[in-house]
Ligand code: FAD
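This document starts with one chain, in the form predicted on its own, laid out as structure tokens.
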Amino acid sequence: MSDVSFATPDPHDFLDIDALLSEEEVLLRDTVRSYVENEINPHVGDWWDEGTIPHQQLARDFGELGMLGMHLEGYGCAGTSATAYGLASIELEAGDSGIRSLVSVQGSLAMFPIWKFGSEEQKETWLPRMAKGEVIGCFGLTEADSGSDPASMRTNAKRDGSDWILNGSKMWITNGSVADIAVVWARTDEGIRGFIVPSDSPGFEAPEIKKKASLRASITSELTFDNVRLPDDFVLPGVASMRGPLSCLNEARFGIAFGAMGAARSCYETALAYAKERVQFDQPIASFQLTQRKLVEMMVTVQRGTILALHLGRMRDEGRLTPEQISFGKFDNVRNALDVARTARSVLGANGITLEYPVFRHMSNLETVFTYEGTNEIHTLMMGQSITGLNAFS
């Protein structure tokens, strides 16, 4: 038997996952990665520290790159595969969870419901400008007393002649204070309806939530509606039930299953580089057994989670991915990404708490990602109901 030589696995792609991607997917992934490395990474630590983000410039840039609503067809959208959208999400969140949130809220939570449930006029009016980043959107579902139970929302809309009068409030709304339009879900006599609410509507306010200790490179707001009058053609005609907002959440959760592995990868790669350079007891700490175990555990987690996300992407593109399977990805990849971030912080020691490195920023962000778009507990119960056939929600 002849000897066969194999190349040493790449520490950044140990299982050669790139071999599972098409040339087009690699090109798209590398384009987003290059943008993040050049335009996001040098500045995002400062944005996070200052609690701000250049949202208008980023939206325009992402629009030029074709990333806003990229997985939607027509109306100026790129029409990529779901997998391509997921790969872009990995690279964006390798920069910062707030950056990925800006893109995913725009595409999956604001543009998607208009694309899926809107009238042709609504689609033509809003989607091309949103795809270019000229109009920023947000998604109003969560309320202060209705987080994991959105069906108990109090925001309501009532008919008044040919108009609607919207009252209530929403909480923890990404992009809220900078959005040009909000897609707001409200209780009506006809069921749960979606409304396109321009931010300059009289009675609409969007105060920014300050003093956050997580997702600081992201705008988070409260939305309030005090007798906001909306014409009937600002209502999404295609849905009148919780199916509308829940379908949007599935879109966003899918991107998170990918994106969390971007944050985890950034933490792992930072820890690996640091451990090879940091000298203690006259040798790099990467030579110590306990440190190598930490590095290996992180690498295995990132590779395994990326393969899971890629598998979900392929299933989505084949039209056979269920909401419960999306929950699997969000549930497992986010909790594991958080473990990677915490482990990487320990490898960096005291340096792990500074914004000179991205690890603590990712760790803090992931605490929020662990909770939003469905808490870890809610996804547990969704999968539990799926495998047992029994409802444990109430």
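One rule holds for the numbers: they count along the sequence shown, beginning at 1. Every value quoted in this text rests on a predicted model; they were computed, and no experiment measured them.
One more form of this protein exists, namely the form predicted together with the ligand; it is left out here, but the text below deals with it.
According to a 4.5 angstroms non-hydrogen atom cut-off, is residue 378 in contact with the ligand in the predicted bound form?
It does: once the ligand is placed as it appears in the predicted bound form, residue 378 has a heavy atom within 4.5 Å of it.
Using the partner position in the predicted bound form, report whether residue 215 sits within 4.5 Å of the ligand, counting heavy atoms only.
Within the cut-off, so yes.
Even though the ligand is not shown here, does residue 173 get within 4.5 Å of it in the predicted bound form, heavy atoms only?
Heavy-atom contact with the ligand at 4.5 Å: present for residue 173.
Just checking whether residue 76 would be counted as a contact of the ligand in the predicted bound form - the rule being heavy atoms within 4.5 angstroms.
No.
Which of 368, 351, 31, 41 has a heavy atom within 4.5 Å of the ligand in the predicted bound form?
The option sitting close enough to the partner is 368.
Looking at 86, 194, 140, 107, which is the one with a non-hydrogen atom within 4.5 Å of the ligand in the predicted bound form?
Answer to the contact question: 140.
Among the candidate stretches 76 to 84, 260 to 268, 292 to 300, 165 to 173, which one is within 4.5 Å of the ligand in the predicted bound form when only heavy atoms are counted?
This holds for exactly one stretch, 165 to 173.
Kindly indicate whether 147, 220 and 373 are, all three, within 4.5 angstroms of the ligand in the predicted bound form, using heavy atoms.
All of them do, each having a heavy atom within 4.5 Å of the partner.
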